[in-house]
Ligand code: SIN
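There is one chain below, alone, in structure tokens, taken in the form predicted alone.
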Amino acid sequence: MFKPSFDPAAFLRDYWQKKPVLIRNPWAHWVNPVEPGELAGLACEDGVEARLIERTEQGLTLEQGPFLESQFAALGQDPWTLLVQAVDQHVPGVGALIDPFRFVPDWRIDDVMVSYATDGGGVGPHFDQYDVFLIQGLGRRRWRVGPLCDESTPLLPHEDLRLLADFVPIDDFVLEPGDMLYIPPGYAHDGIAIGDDCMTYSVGFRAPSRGEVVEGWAAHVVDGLIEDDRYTDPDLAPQANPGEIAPEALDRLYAMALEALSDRQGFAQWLGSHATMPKYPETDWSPEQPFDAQELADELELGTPLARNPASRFAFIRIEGGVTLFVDGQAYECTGPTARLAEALCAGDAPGPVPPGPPRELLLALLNSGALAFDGDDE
């Protein structure tokens, strides 16, 4: 549906995590993929993350969803913005916006947030800790881009929003429908709607912090350790001061910690599971009655296409003799035809003929977990 004309290799070389860039309408035929009323309807549903930001004389206020339809009708003349997360999981046309950006690995892709704003609406000057493509879907929005920020950048006191205390723009753009602005992590930016019915699609990317990786991996390692694996010092000798932690003890304890954490294969397995944990598991496609092997064979014989649950995350890591497929935190060891099937599923390709045996067993597991569905069954 969406095929941008910019060169991914040149973009990655010149701009990715380096500097912002405005790309004027790179789409062959831009079509706004979700209407404002449909977005407002999503914001009223349980399990959908939504926020409403109003700009008043006292400043910006934030309210969390889900909302009542009557709340939108009761909004006054003050500018306001509705933000809805993971719309790609609910509207296929919005989900299609991710495909052009899959030159970035899937495990880095987060979701597509959609905002609707009235004239003057916005979320205030801020900076994010992730890459984002801001695509103008409907109406016009003025974007001002500032310098690179970090944890020392002053923020305004606000209970709900991380707003910059001193925003000095260095670039100023007005985006029309189809225009796209890329913002790397840390760059200050501020978007203000020009006129009503302003819609922006934010294709965001994940970047785990060092603390998140260390904490998660260490906790995983600790879960696998046994209580009897303890510090020993059979060569202990008298020391001058009993209050000292001697260098030999420090070295031994440090080695214990590093040895436990220095398992690259184990780290790869943990990372695959961690990186594919679904952010919004509420989008459940698991069938009411589990598929069996005969039902699977019948659907494959009919050529019924498979669809991936948009809330599910797929990734794989190459291992000797095949791949480990990770889906929604679960690991599946795959070799031969099963490995080829796993790679096709991760690429989003049609799997083609699926032979009996382990490949069909993998499909059954993914169908019954809700990560896959035969097209039409997910309803």
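Since the model is a prediction, treat every value here as computed from it, not as a measurement. In this text, residue numbers run from 1 along the sequence as written.
The form predicted together with this ligand is left out here; the points below concern that form.
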With the partner removed from view, which of 99-107, 205-213, 121-129, 264-272 is the stretch that lies within 4.5 Å of this ligand in the model of the complex, judged by heavy atom distances? 121-129
Check each of W143, W80, F167, W285 and return the one that places a heavy atom within 4.5 angstroms of this ligand in the model of the complex. W143
Among T200, Q89, Q85, T276, just one has a heavy atom within 4.5 Å of this ligand in the model of the complex, namely T200
Taking this ligand as it sits in the model of the complex, is L134 near enough to touch it, meaning that at least one heavy atom pair lies within 4.5 angstroms? yes
Report whether the minimum heavy atom distance between M180 and this ligand in the model of the complex is within 4.5 Å. no
This ligand contact at C149 in the model of the complex, heavy atom, 4.5 Å: no
Does this ligand get within 4.5 angstroms of any non-hydrogen atom of M113 in the model of the complex? yes
